[in-house]
Each structure stands twice: as structure tokens, then as C-alpha cells.
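Here you get one chain, nothing else, as C-alpha cells; it is the form predicted on its own.
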Amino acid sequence: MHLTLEFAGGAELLFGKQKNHSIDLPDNNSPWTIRTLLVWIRENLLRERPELFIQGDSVRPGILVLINDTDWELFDGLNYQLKANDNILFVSTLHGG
């Protein structure tokens, strides 16, 4: 399944300073969800400091997630079943002080 992942607001620094990733997820016995995508991201894309992006089985508070330009909360969050060509945007609102 082909997806576009985007990281912004500083989140891209955790992914080799690359904002856009065009990925092809492997065939899975069960549907891909945001929850399973986050595991794949942690294992395949995340380059450093996973604690700044992942907390438990979700994104860390302060990371906005948009699915095709719509807040993921309107799509059942972690349980959203991904569709081919979805665009998933992760925006960090976390700032140092």
C-alpha cells in the first residue's frame, strides 16, 4: 500500500531532516491502521530520539496528526484503517525553552 508521510514543525529532525517520505507498506494479514503504521515508522524511518515522537503505542502529546488534511480524531485516531495513497502529516507543536 502506497502512502505519503510528512513530518513538520521540527518532527522532521527525528527522521534524518527529511520532511516527505513516499512509502510502500508491505502486505499485511490484517488492515494497516495508524497504530500499526506507528510501529512501522519507529522500526523503519525514525532515526533518533524516539521518545520525542512515540509515547506508548501512540504519538507523543503535542504531535498533531492529519489524515488527508483532516484531524485524525475525526477518523477514530489510532484505529483509522489506512487507504492507498493516504497522506499522513505529523506536526510537532513541542518547543524548547
Partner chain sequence: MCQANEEDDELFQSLKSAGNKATISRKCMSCDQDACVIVRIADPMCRKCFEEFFIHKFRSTISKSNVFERGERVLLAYSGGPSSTALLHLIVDGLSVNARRRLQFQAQVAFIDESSLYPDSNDVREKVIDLIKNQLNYPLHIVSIDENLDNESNFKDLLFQKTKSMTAREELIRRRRLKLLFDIAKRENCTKLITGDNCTKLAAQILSDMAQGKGAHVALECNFTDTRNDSVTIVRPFREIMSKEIAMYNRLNSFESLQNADIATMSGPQSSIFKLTETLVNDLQRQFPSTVSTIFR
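Not measured: the values here are computed from a predicted model. Residue numbers count along the first chain shown, from 1.
Although it is not shown, the form predicted together with the partner chain is what the next lines describe.
> Can any non-hydrogen atom of Lys19 be found within 4.5 angstroms of the partner chain in the predicted complex?
Looking in the predicted complex, residue contacts with the partner chain include Lys19, since a heavy atom lies within 4.5 Å.
> Would you check, heavy atoms only and a 4.5 Å threshold, whether Asp76 touches the partner chain in the predicted complex?
Output for Asp76 is yes: heavy atoms within 4.5 Å of the partner chain.
> Answer with yes or no whether Gln81 is in contact with the partner chain in the predicted complex, where contact means some heavy atom within 4.5 Å.
No - in the predicted complex, heavy atoms of Gln81 and the partner chain never come within 4.5 Å of each other.
> Does the partner chain get within 4.5 angstroms of any non-hydrogen atom of Glu12 in the predicted complex?
Judged by the heavy-atom cut-off of 4.5 Å, Glu12 is in contact with the partner chain in the predicted complex.
> In sequence order, which positions of 66-80 have a non-hydrogen atom within 4.5 Å of the partner chain in the predicted complex?
Residues within 4.5 Å: Leu66, Asp69, Thr70, Asp71, Trp72, Glu73, Leu74, Phe75, Asp76.
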